[in-house]
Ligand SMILES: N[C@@H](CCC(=O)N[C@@H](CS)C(=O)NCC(=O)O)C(=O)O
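Presented below, as structure tokens, is a lone chain in the form predicted on its own.
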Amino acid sequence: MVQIPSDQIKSKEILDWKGLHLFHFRGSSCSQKLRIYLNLKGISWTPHSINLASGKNYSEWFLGINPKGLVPVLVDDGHVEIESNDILEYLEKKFPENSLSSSSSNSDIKSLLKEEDNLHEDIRNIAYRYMFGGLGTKQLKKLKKYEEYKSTNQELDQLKMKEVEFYKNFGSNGITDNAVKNSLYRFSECYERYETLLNHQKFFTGNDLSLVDIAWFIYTYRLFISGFPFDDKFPLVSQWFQKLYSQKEFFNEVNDPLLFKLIRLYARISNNLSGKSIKKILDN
């Protein structure tokens, strides 16, 4: 698990916070994952919204908590955890009631969450092409400030530079057709396995909802609204998704404001008109 030791936290006031606090953003996929989990478990928490669209995650105050500049961040009585799947596992140990990990062994859950996490850059390729369009471009002044920020954790600073590199490349080249195609193939390989499993079980790890389902729901939602042909290619995965999507704990966290819906509709139509829909790219 990725815990940031208290002596590396520069925004010291959070170390005195009592109870469970979550730094998050409405449209962040990893934040949505955590909020769904907290809703399902009925866990009481205090929200702290960090607006990624306006670059609040690049403020010196927030970087003093998480030098990677990413949400979500969990603060539990001054204990700080980052990385959404690590936070899920942390909370599942802290709140074992109504378990969301009992359908499989802990090692299996960890392995499957790691597989999901390894696709983070791939879902970002899809989202920045079919959901955000040019709005994903970062302001150069804020990106430079982010790049130049130095923490006391070399590992996190190195991971931060991967984020900087992505946004620089995106600003210059966008998301290429080849990057989209490779990402779609990696998702398809995983969905093929889950499609087979769903022939004889209700969820991805068995007959009970698990952390793995929550994690994959978010990816599937983003692919679904981007035009991925689930009904044609993975009908059982499509049924699994629709079943979860119909539940308020899931739907409420991904039901974006009208402006967000219009932005992604524009991005999707633009790609369709240029002959670069997800279906076209998959079929070529």
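Note that the structure is predicted; figures quoted are calculated from it, not measured. In case it trips you up, residue 1 is the first one in the sequence shown, and so on.
Just so you know, the form predicted in complex with this ligand exists too; it's not on screen, but the next bit is about it.
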{"item": "Contact of residue 138 with this ligand in the model of the complex (heavy atom, 4.5 Å)", "value": "yes"}
{"item": "This ligand contact in the model of the complex: residue 238, any heavy atom under 4.5 Å", "value": "no"}
{"item": "Non-hydrogen atom contact residue 117 with this ligand in the model of the complex at 4.5 angstroms", "value": "yes"}
{"item": "Partner proximity in the model of the complex: residue 69 to this ligand, non-hydrogen atom cutoff 4.5 Å", "value": "yes"}
{"item": "Heavy atom distance at most 4.5 Å to this ligand in the model of the complex, all of 130, 181 and 270", "value": "no"}
{"item": "Candidate stretches 197-205, 104-112, 79-87, 154-162 - the one whose heavy atoms come within 4.5 Å of this ligand in the model of the complex", "value": "79-87"}
{"item": "Heavy atom within 4.5 Å of this ligand in the model of the complex - the one residue of 224, 45, 250, 58 that qualifies", "value": "58"}
{"item": "Proximity to this ligand in the model of the complex, single hit among 38, 63, 52, 244 (heavy atom within 4.5 Å)", "value": "52"}
{"item": "Contacts with this ligand in the model of the complex, stretch 8-29 (heavy atom within 4.5 Å)", "value": "28, 29"}
